[in-house]
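Heads up, the chain below is alone and in the form predicted alone; it's given as structure tokens.
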Amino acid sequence: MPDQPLSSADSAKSATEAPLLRDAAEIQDWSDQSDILIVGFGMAGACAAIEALEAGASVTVVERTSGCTGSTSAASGHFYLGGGTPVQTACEFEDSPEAMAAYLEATSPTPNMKKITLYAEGSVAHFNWLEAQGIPFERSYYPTKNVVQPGRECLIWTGNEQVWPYRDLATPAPRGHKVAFDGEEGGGALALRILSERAEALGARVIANAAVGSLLHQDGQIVGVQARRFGETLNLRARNAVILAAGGFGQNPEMVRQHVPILEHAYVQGSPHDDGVGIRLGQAAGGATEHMQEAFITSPFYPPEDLLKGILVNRLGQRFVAEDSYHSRSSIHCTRQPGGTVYLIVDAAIFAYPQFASLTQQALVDGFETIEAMESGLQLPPGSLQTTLADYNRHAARAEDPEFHKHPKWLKPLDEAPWAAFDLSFGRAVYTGFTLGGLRVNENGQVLNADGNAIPALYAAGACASNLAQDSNGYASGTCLGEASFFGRRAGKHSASRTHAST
């Protein structure tokens, strides 16, 4: 798509948001110049830098922290990849780009098929690229239903691939590839350290501890940024383009309140610097946004995996989601129940405390000798839970779930007394989450305005851009690192190929 010069309307809008957008004519002296200037040195920024450098461009990265921090460093290290990766093949799972694309399409509220197809068809090559940079992945499979592997195992089911209706719309395959790292946290930090060191080894100049406050424009295009570092103002010129890779907006209370107020009642994951500056800079230049109202949100009640055989009921004593869903899908449905009230009901055969109960504060309400006593103790409408369980048990005995189609392997009658209830209510249990919306970009990372035209010389990737991850219902672990690295690479390569005269 051709670049479109900043319109007078864009300029008028941005003037009201100064100093987010400034005229470069005001700049007397440039502190530094390079072909590509990247704002943020997380997963997207590091991958963009590597590709731009390998394409022959000079690169300057402006990072607000001292380095190797941000959302990626707190991640477990899953990359959502498929289509027949070496790990899938070694673990004897068949997958294809077509099946992967069909799944991503089915789980996206507004699927962008150009991006989905590129990602699915390029997934194996992208895995090989990550390994070539030095990121380690074992050829191993973790078979247990879990939020994250506790060890170095690589392949795991991290989405709703086996959940109805998606299992009927796309051939299921596990696509969560965890970086080889001992422990549930640290894989993301390891991957980021490897990629950032690779970028620096290729010649990226990193200006750390510098906060970007303004984009600079001239003759209808973006030509640099203005940043502050230890009280000093830095005017940094970009000969080719600026790439925004500055994270989401979960730590900006005003933006959260405006766009995704559900996160006001959750613990927001990510960097303390996820203040939305990348998004606001892009908007000041005329960029549009997408999916700003959506967030990943979760309060996982499994592992242990046997708890998936329980049922989730609301304050009406009714089920509302297939319990074998990926934890962000079941969790977002929990938040939408009347009053946010939700209970996990289990019987004696599967009783266990949720592994993360100490963190999520999913309290054991009590044990009950009869369903009628549980119904009364939970203050549910008389007869409601008795009817729900009687219907569920009758069908589960035949390995059926006509209402929500839970997979047969998670079906069993809940008929062994006593019964217990855990409180998963939104507002009482702890829910965590992060923002998903961001700047509207095309498949090459170019920031688009409301008319779908590219803002000249401005790109975005990672959490400040909207790509594959669109809502909590369809999210799969590894999507954020997967799309940040994949589309970060595309932004780096494409920006390196353009010149100020290109269209």
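Since the model is a prediction, treat every value here as computed from it, not as a measurement. In case it trips you up, residue 1 is the first one in the sequence shown, and so on.
This protein has a second form, the form predicted in complex with a small molecule, left out of what is shown; the following refers to that one.
Mapping the unseen interface onto this chain, G282 falls outside it, with no heavy atom inside 4.5 Å of the small molecule in the predicted bound form. In the predicted bound form, none of the heavy atoms of H265 sits within 4.5 Å of a heavy atom of the small molecule. At least one heavy atom of L481 is located within 4.5 Å of the small molecule in the predicted bound form. Using a 4.5 angstroms threshold between heavy atoms, Q269 counts as touching the small molecule in the predicted bound form. Contact with the small molecule in the predicted bound form, defined as a heavy atom within 4.5 Å, is made by all three of V39, A210 and G462. Heavy atoms within 4.5 Å of the small molecule in the predicted bound form map, among the stretches 441-449, 27-35, 471-479, 49-57, onto 471-479 alone.
None of G159, G82, G77, G250 but one reaches within 4.5 angstroms of the small molecule in the predicted bound form through a heavy atom, and that residue is G77.
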